[in-house]
Structures are given as C-alpha cells and as structure tokens.
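Presented as structure tokens, the chain that follows is alone, the form predicted alone.
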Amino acid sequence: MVGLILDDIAGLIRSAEDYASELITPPLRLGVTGLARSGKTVFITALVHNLVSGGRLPFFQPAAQRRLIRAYLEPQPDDSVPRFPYEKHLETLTGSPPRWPESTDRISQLRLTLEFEPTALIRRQFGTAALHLDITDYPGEWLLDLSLLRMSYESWSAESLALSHMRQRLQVANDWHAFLGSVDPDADEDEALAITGAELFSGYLRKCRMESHLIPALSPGRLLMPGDLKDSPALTFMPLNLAPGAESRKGSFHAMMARRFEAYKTHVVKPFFIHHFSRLERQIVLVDALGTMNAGSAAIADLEKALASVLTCFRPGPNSWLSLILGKKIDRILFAATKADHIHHTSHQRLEAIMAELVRKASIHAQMSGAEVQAAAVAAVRATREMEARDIGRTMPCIAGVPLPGQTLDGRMLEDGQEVALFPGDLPELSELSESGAAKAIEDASIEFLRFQPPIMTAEGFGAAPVLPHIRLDRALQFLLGDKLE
C-alpha cells in the first residue's frame, strides 16, 4: 500500500513537472493517419525533412516571413511508444536509386522542435519562442475501430455481413461466406472453428485492401495488422449470421465470439483511445482518392462512408485552458487527397472539390462544435513533372514520370525504368459533384492513374542541399500549425 501511495505521489510530481514544462515550451500534438495506400509514412518524412532542411514553403507564413529560425528533432516525450524511424525512411527516399519506404502498421511518435520569432510585440520582447510539434503516426484502421465502442457484437455482425454482400466486396468474400454458411451460432464453443473463421475473415479484409479493390472502410484494424497480438483470443473472432434479436446461450459459439469482440474493445481499442487518440489537438487524415477512383464508383461510395465514420470518432471543438484539466479536443482537421502529382495542376482544384464533397455532410457537426475542417490536394513528395501533348488539334495537360514496375497502360505492359507521359483524364467539375454526388460523377468520368517511382533529388539553388519536392505541403503546415507560431 505504501508503495502504491509513493507511486501516486511520484506520478503527481511528474504531472506537475510536465505541466510546468508545457507552459514554457508548449507542445502541439498532431495526429497523422491515413486510409489504405495513402502515403502517411512519406508525408511525415517529407514534412520533417522540409522543416529541418529549410525547404521551399512559400505558403507556410513563419517560413515565408523568415520568422522560422530553425527546426530540429528531440527525444520523444513518451518512452513507451516506438519512435518514428525518420532517418531510415529519408535514406530510402533519397537513396540511389530512390525507393518508397515501407508502410508502417503500428503507432509511432516523433518530436520536432520549432524555434521562431513571434509576431506579437510583447512576446518579441522575450526573444525567440519555441513549439514542440509532437507527431503521432497511427494506422487509419485504428481510427475506424473507435466506432466499435458504440456497438454491440450483434449490431457489428449485422453491419459487417451487410457490407460483405455489397457488390465491390462480394467477390472477395466467397471463401468466408462459404465457411460461415456451415457455422451454427448456437453450437458449443469451438476453438478450432474460431481460428479457422478468424483467418478466413481476416483474409477477406486483406483482399479488400488490394489495389484492384482499394476499399478503405475496413475494421477491425488489428485483424489486418495484428503485431504482437497475433493469435491472441482478442483477435480470434468474426461476425456471425445471426437472426434478428438473437441472444447468446452461455457456452455457445455465439457467446464465445461476443466475448472476444468485447475483449477486443477492452484490450485494443480503449487503450488506444485513452493513451493516444484523446490527447491529440490537430489531425490530418490522408486519403488516396485517386487510387480509389481507379477502383470504381463503388469504392468511392465506400470511401465516403469511411470518412463519415472517421469524423464521428473525433471530439471536435476549441481548446482552452480548461483542456489542461478536462482533456484536449481536436480543433482542426485536414482531409488531404494525396498523390496530387499524379494529375496536372489544372485538375488540382477539382481534386480538392471531390475531397470536400466526400466529407461535406459529415463535417457539419464538427464545424458546429467549433472545429475547423478543410480539404486539400497534396503531394508530400512530387514524383512527376508536367508537360503538354497535342492530339487531333487538342492540347492535353499531361504528367510524365517513371512508373513503378508491373503496371499496364492501355493494355500494354510498361517497360521498367522508362519514363512515360500520361493524360490521366478529366476529373468531374464541381457542378457535376453537386448535381449527382461524388460517386456518380466519378463513375461517368474517364480517368486512369499510374503509380510512379520517387524522384531523384536535385538542389534547388546554388549551394543548396537537395530537398524533397512537394505540392502544397506548405499549405497543409499553415493550416495545421501556422496559428501556433504567431
């Protein structure tokens, strides 16, 4: 008992020390997440690299006004969270030849300290100021899992089964559906049956993530990326085909699956919310909207539902001094359509409009709560260049780059390492989006996108060090933290 009391006193002392430290150099906790293939690892690496290396950031006011003195990495504040391997990812992106870094499937953290000159006269009397930017990187599937906290096992089963019968999912759910038809929920508990079912259900979810489908609304997330929880009972469950209003019998397979679903929420979802998500103040959600368009209108409709689910997970609203006591709220949310370099700049405004339309209805509640929600089209690392081509008297805005191996264009396999020029097609106009909705407008459009290799870095001026090129990374920085550097 005495030991516990001493531990509590030590914890209070550490909290007081942390509070005093935050008054001197306040932290801004930025959450970075992304749905399937959105490029969040590349985004974080490029963001840090451009700030540390003094990259061109004309729309990031502290840099444009030359008030940003320097940016540097420091030890992260939470010793229990893995560090984001920035140096490793940068080496991969800038190597010879450059390569895209591997995706991360766990939570990680990085602290970047920004020293700047304040704009307010009173603050300038005290010299330079500093801000700790604490970046928390986590998989988008973990964010979608937060919606499970409001669901019973029976309601989750019904929703999961309904989703698996949608047209874009049905063809990859055949094996799991066939197995499910042989399962009696009222039968006795069966560990071997649970393991087989969980493997088939997880396999169905993984197939949904494949590029040919690219379905973003996939949950439970840890079934896709189990980490150290692999094969644990909390991850060995699946939905069941239950009759409406069905109740579980003690000792039945239904009761076993329901118990493990609740264990998943208790031991996986709730700790993530309490220890990490609830502390965030700003959030960026990265979305591979172009890749989803390639997968068809059904995938776009699924993306719209996923983004609506994402917004229901946030606790939007303004922060004040009470936040130190009651907990932080996310007061700025940026939905960023990534890989904007895969289309010509003349289509960027349309891509932003599509992104804004996808979150328009769901963002109303967040805005009414006092949070700011924006949509943007960005490329954390620009892998293409722009050019024009003429075809039958028409000038077409094209992009040129080196495609990743194994891709086809117009039914022709592309040669490895050869640059190609591509007219990706015309994205829908804003009027088309408002009339028929994003999914229908995209279904009527003729568009095709490729995936490109990273660029070979070049210096931007005499004596300058090479910096990763980007599109609108500076605008994203201005929205997410520009107000904190005034």
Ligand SMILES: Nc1nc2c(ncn2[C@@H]2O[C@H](COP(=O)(O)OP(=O)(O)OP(=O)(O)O)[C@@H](O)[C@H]2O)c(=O)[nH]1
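Note that residue numbering follows the sequence shown and begins at 1. Only a predicted model underlies this, so the values are computations on that prediction, with no experimental measurement involved.
Note that the form predicted in complex with this ligand isn't included here; everything after this is about it.
A.B. asks: Does residue 207 make contact with this ligand in the predicted bound form, using a 4.5 Å heavy atom cut-off?
C.D. replies: Residue-level check for residue 207: no, no contact with this ligand.
A.B. asks: Using the partner position in the predicted bound form, report whether residue 86 sits within 4.5 Å of this ligand, counting heavy atoms only.
C.D. replies: Because no heavy atom of residue 86 falls inside 4.5 Å of this ligand in the predicted bound form, the answer is no.
A.B. asks: Would you classify residue 363 as touching this ligand in the predicted bound form, given a 4.5 Å non-hydrogen atom cut-off?
C.D. replies: Contact with this ligand, no.
A.B. asks: Report whether the minimum heavy atom distance between residue 302 and this ligand in the predicted bound form is within 4.5 Å.
C.D. replies: It does not: once this ligand is placed as it appears in the predicted bound form, residue 302 has no heavy atom within 4.5 Å of it.
A.B. asks: Can you pick the stretch from 242-250, 94-102, 267-275, 196-204 whose heavy atoms fall within 4.5 Å of this ligand in the predicted bound form?
C.D. replies: Flagged stretch: 94-102.
A.B. asks: Just to confirm, with a 4.5 Å cut-off on non-hydrogen atoms, which of 427, 30, 51, 42 contacts this ligand in the predicted bound form?
C.D. replies: None of the others qualify; the residue that does is 42.
A.B. asks: Under a 4.5 angstroms heavy atom criterion, identify the one residue in 422, 47, 36, 442 near this ligand in the predicted bound form.
C.D. replies: None of the others qualify; the residue that does is 36.
A.B. asks: Is any part of 334-361 within 4.5 angstroms of this ligand in the predicted bound form by a non-hydrogen atom, and which residues would that be?
C.D. replies: Residues within 4.5 Å: 339, 341, 342.
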